[in-house]
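Read the single chain below, which is given as structure tokens and is the form predicted on its own.
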Amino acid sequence: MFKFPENLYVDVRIEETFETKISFKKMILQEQKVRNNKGAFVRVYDGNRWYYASTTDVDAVQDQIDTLAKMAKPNPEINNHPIVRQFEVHKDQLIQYKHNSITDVPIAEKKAMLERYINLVNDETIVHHTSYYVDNKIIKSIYSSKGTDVTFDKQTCGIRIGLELSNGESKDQTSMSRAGCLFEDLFELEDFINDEIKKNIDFVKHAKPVEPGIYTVLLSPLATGVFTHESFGHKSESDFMVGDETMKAEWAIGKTVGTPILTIIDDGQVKGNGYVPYDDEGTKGKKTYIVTDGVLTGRLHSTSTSALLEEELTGNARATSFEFEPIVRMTTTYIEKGHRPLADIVAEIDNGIYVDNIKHGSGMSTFTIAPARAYKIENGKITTPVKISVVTGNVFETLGEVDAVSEEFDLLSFVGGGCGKMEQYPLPVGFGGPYTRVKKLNVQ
């Protein structure tokens, strides 16, 4: 397809995207648009440095290759370079959504579905609400001078409803979201939305400020996912370790980092927000055991970090769009499910906190989660709602305090937000897991 210059490594990533966004404030339509975009990212490597270009003129990709090649210094040994040797070579056509594409659903049908769900938001406690439907389909092709030639598609769609609630002096803001790979995945969400509305109204009416202190904390699958992503996922992105001997020593493979019941996985093969059948360097998506039975057994890599740290590729080189270079990013990251029923785990807690829903999270060595809904656990039962500003802890200490994970398990996809790193935001990721009990966490 392209004429690659000799004595240089070259790869090309072409992306064709389709996006829909429909938004409302209360019942008033604010935005309804469909956008198509196409572009390419080109890289040339001579063994000393990378040369990049991005363009929306995909017919000019060969010109971009030739221009970048003139800047580089030809290297007859380029194919023996450790980084170039590490690149996988695949030939594949993985088109999965030809007959059930979101592009074939009329925009009127998407709008009607969203309006149907908005009509469920009708309680006087809800003083304002916003909502939107979004979808995204991408067809991606990756070619390289080593012989890679892969094309695949992926798509997601979802709804998000944001609520502002008021009950006297008590006010709250929260949201609910669901996403899937098919438009049909968004059918029959009435029970979910009604249940979320009921819980949020009850919370704003009855929640009392928590008494700050150290508690046993039970995390829902959503809270577990955010905890895993923020507390450990980013630390496993290996570009943080390149050239940093302190980090490499702190996160040495084989080190015990958690209790034996703790296994943490990043899996690009899981359908949903974090689905990466091939990453943006053409590496096949993989299931990576970051922590196995409490022991650090892996980390996430691009081709460059894999070569520099002399570890196996994991398929985690990702970019938010064709405008950016791929960097090390998570896909779908989660704690593996356990073997204990949730009811038994709750029954063992005399005085604790259950974090049901969250607003946001952040962290590296120390992580912070801001709950949206939380409840007291008293004498083995989830009881009254409590207002919590943050739940926070040291990563290593917290992983060592995990003493139960449930057999109940859920992986989640959402619309809105995403993962940010450097200038690349938002990147869709998946997360979730079991209900996770932490013996000691700081609750404020």
Partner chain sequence: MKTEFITIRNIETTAKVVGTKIDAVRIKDIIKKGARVYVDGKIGVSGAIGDIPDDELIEKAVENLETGIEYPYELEKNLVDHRNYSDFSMSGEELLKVTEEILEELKTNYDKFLFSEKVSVKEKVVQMRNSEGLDLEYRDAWFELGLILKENSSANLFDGFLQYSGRSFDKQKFWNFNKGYLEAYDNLLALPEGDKLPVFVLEAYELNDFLNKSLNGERYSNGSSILSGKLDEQLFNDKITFGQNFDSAVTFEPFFDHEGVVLKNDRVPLIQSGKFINVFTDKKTASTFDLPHTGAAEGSYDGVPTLTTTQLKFETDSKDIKSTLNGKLAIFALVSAGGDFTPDGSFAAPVQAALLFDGEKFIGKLPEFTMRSNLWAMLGEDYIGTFDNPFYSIENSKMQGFYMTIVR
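Positions refer to the first chain, counted from 1. None of the values given here were measured: they were computed from a predicted structure.
The next section is about a form of this same protein that is not shown, the form predicted in complex with the partner chain.
Here the marked residues 38, 322 and 359 all reach the partner chain in the predicted complex, each with a heavy atom within 4.5 angstroms. Interface residue remark: residue 251 is counted as part of the site for the partner chain in the predicted complex, having a heavy atom within 4.5 Å.
Though the partner is left out of this view, residue 27 does not reach within 4.5 Å of the partner chain in the predicted complex, counting heavy atoms only. Contact check for residue 61: every heavy atom lies farther than 4.5 Å from the partner chain in the predicted complex.
Proximity of residue 397 to the partner chain in the predicted complex falls outside the 4.5 Å heavy atom cutoff. Between 185-193, 273-281, 170-178, 142-150, the stretch whose residues reach within 4.5 angstroms of the partner chain in the predicted complex through a non-hydrogen atom is 170-178. With the partner removed from view, the residue among 96, 79, 366, 269 that has a non-hydrogen atom within 4.5 Å of the partner chain in the predicted complex turns out to be 366. Checked against the partner chain in the predicted complex, the residues 348, 202, 88, 164 give one hit for a heavy atom within 4.5 Å, which is 164. Along 286-321, a non-hydrogen atom within 4.5 Å of the partner chain in the predicted complex is carried by no residue at all.
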